[in-house]
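First structure 1, then structure 2: two forms of the same chain, each alone, as structure tokens.
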Structure 1
């Protein structure tokens, strides 16, 4: 058996084992209890509140919470935009890069403020170190902290009885950043440097090639630039915060961003670590740990079969190459499989595990080029995004998305038996269902609407670089990614132009904030409700039955919405691939 499959098994065990203590720790952080690090960082936290005028003990109702969140995120978006537009006159630009064009700067600013990290640019040749550090890396932390804050606010809404408030946004964001994201990033960054990820403020190092080579214009090239920069610090948070924006253009496929199988394993665990642990944090916050485990089980129930499907498709390779005399079998001397757009040190199955994890979470970093995946291997990551990024999903955002699906599940179950649905002792009524409907409908609306717009305009079609159904897949993937705040791509699509920068920028914005606001509204409405005693008609939400039902609803909604579009892209391509020798 290929070592890659063993790695998948170890991955699942390590992830679950690490999620448990982290989940408990985060619950302490959000409940304001002593967590250990508060002795070290407490003074920093209190100073931050004092300087900015935050009253940490004053709680907010959902409207104030949402307003604070929107102002904070829009301000962050503006900061990233301005940094890019002025980077040519600002310091820390050793490569003398020019200011970023307005459409690209808009796209990138939205992308990072919405935790998407869609990258229409290549980092090493577009952005100064200052822009990367003060703009992108900061939003990596703050957009992640924002998602976690919304989740915690929702948990309070569920847990509280007849309450008007759901917490203080500033406190939630600060504590997420200080006590969770920063310390974990510091540890991961150092581990990554030990493997060879660069971390330096020097400009690129020049080395002399052992054998001179010829460039595209026919001239002899005798040197190679080894790009440097503060990469490890940014890569750590890009994974932990489900951001996914690479320091270098080819993201975690770049040997200086992900040098070894071990750095690869650490990064892929980091992708799902906080989303998995937050399930257990949620269980602790609502005073019922079983709820957390049930949510985590729901995620695994969808995730594991898809990892196997993707890994199987990629390890099987491309039949069109076999007939050319290419050996794609796995053996002790090669990992084999579909190796176009993959790195030898990872092999096919590790690459498939990453592709599944990065799209199950709304991370979007890649260690292989999804555009060159087999049709079915590429269908898996695309569909995982289309499921609404609720299988792990973004930090915070994935779980609040799945909780909305859980509300829909109790509603559907309630309809079946003709009783008022309730969730953890709260009656689910018309207002919550309206908000849930908005949350579930916005992403498909912007994904399919955007894809329709792109395929029906010249500008949209001009970006396609692969013929046939794969070209349609490129467009569908891009919209699925932006419309669910993922950020990965079928990267052949030429997206750095006015049309796509604008379209995808708007789509990313809608997919983030049009969901956050209704989720907070639902949280506010739940908080105000009284306890409904558990009766014989109550559907328990921690049982295997409920796990299967919730997963079923997620899959049903995702399948009904996207199967027609998927049939036109990856499915047709798969049939073509196996039909023609």
Structure 2
């Protein structure tokens, strides 16, 4: 058996085993109960409230919660923008990098404030250490904590009866950061440093090449400049917070960012760890652990077949190369499969696992170039994003997105049996369905609308490096990534220009906050409702039937919305690839 498939099996076992204790721990944190770290971090938490003037016992209704969230994130966006524009006169810039251009600074600030982490630049040659640490790394924590806070607020809305409040945003975001993201990031950063991930404030190192080479001008080159920097600390939170922004331009394919198979495995587990554990946290918060396991099972039901599909497509390689006599079979000498754009130390299947996990989780980091995947191998990560980033999804945001689909599922089931739809004893009525419609329709609207604008304008087409179906896939992937707050790219599209920096920035902003506000509104509406007794027509939401129905609706919505567009890109390209030359 190919070692890559063994890694997939171990990954699924480790992820499931780690999710349960972490999920219970996070439930204790959000309920304010003793969690083990409260003796150490409790005084820090209370001091933060005193300094900032927060009254932790005072809760908010959904409107105040949303306003606090929006102000907090807009201020973070502004801070990252200013840091980029002034980095040339600020300290911790050993390479004397210039200020970032206004359009790129806007795009990057929106990207990191929205947990998208789309990067139209190479970090080692564009951003100073200060910008990376004080701007991007801080937003990696805060944008992740924002998504987790919204999920917890939604869980309170489901669990509470006749209530007008859903919690305190400042408390939720503080606890998410202090008790969950910071400790986990510290542990992962230390593990990554042990594997050789760089963590330094030194400037780039000049190293002697093993074998001299010749540059474009014909001169002999004997040394190479190797960028360094505080990478491990940012990589840890980029994975755990489903952020994805790489310290280096090639992200987790860089040998100083992801040097070994063990560092690769730790990072891919970290990508899905908190989203998986939050399912069980949700079950604990609504006082029914079966609900959490059902949601986690729904995610696995969609995720596992797509991992297999992507891995199979990449392991089978390119039939055009096979017809030329190229050996693409796995053996003792090679991992086999389509190795274009992939690291030899990881192989085809491991790269496919990462690509599937990173796009399922709204993470966006890459250890291989998705632009070089086979057409069907590239279709899988693209479609995972287009499903709305609800199969694990971003920390918090993925689960509250899936819960919206769960409300739609009980609504459809209620119509089928002629009863008022109910979810955990709450009637699902017109207002909740209107909010669900907004949440489900906004991402396709901005993705397809943005893609239509890009392919119909000269500025949008000029950035395409591959004409034909693959060029269309590049544009569709970029808008799918921005419109679902993922951040990965096909890498062949030239996006560092005024048109794409502006378009993708607007799309990222809309996809994040036009979804969060309706989710909070639905949470407030549910919190105000009374308990409805369970009747013979009530659909149990913890059974295999509900799992299959919810997964089916997620897939159906994604298929009806995006299959026509996918047919113009990766499907056509696959047919061209397998056609007889």
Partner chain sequence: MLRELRVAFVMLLGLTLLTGVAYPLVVTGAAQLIFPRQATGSLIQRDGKLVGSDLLGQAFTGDKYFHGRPSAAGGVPYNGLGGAGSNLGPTNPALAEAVGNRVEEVRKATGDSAKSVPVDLVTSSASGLDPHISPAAALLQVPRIARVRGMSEQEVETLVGRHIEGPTWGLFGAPRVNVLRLNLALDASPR
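Fair warning: this is a prediction, and the values are worked out from it, not measured in the lab. Positions refer to the first chain, counted from 1. Rigid core here is just the name for the largest C-alpha set that superposes within 1.5 Å across the two forms.
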Quiz prompt | Structure identified as the form predicted together with its partner chain | solution = 1
Practice problem: Align both forms on the core first, then report whether residue 218 has a C-alpha shift of 2 Å or more between structure 1 and structure 2. | Solution: yes
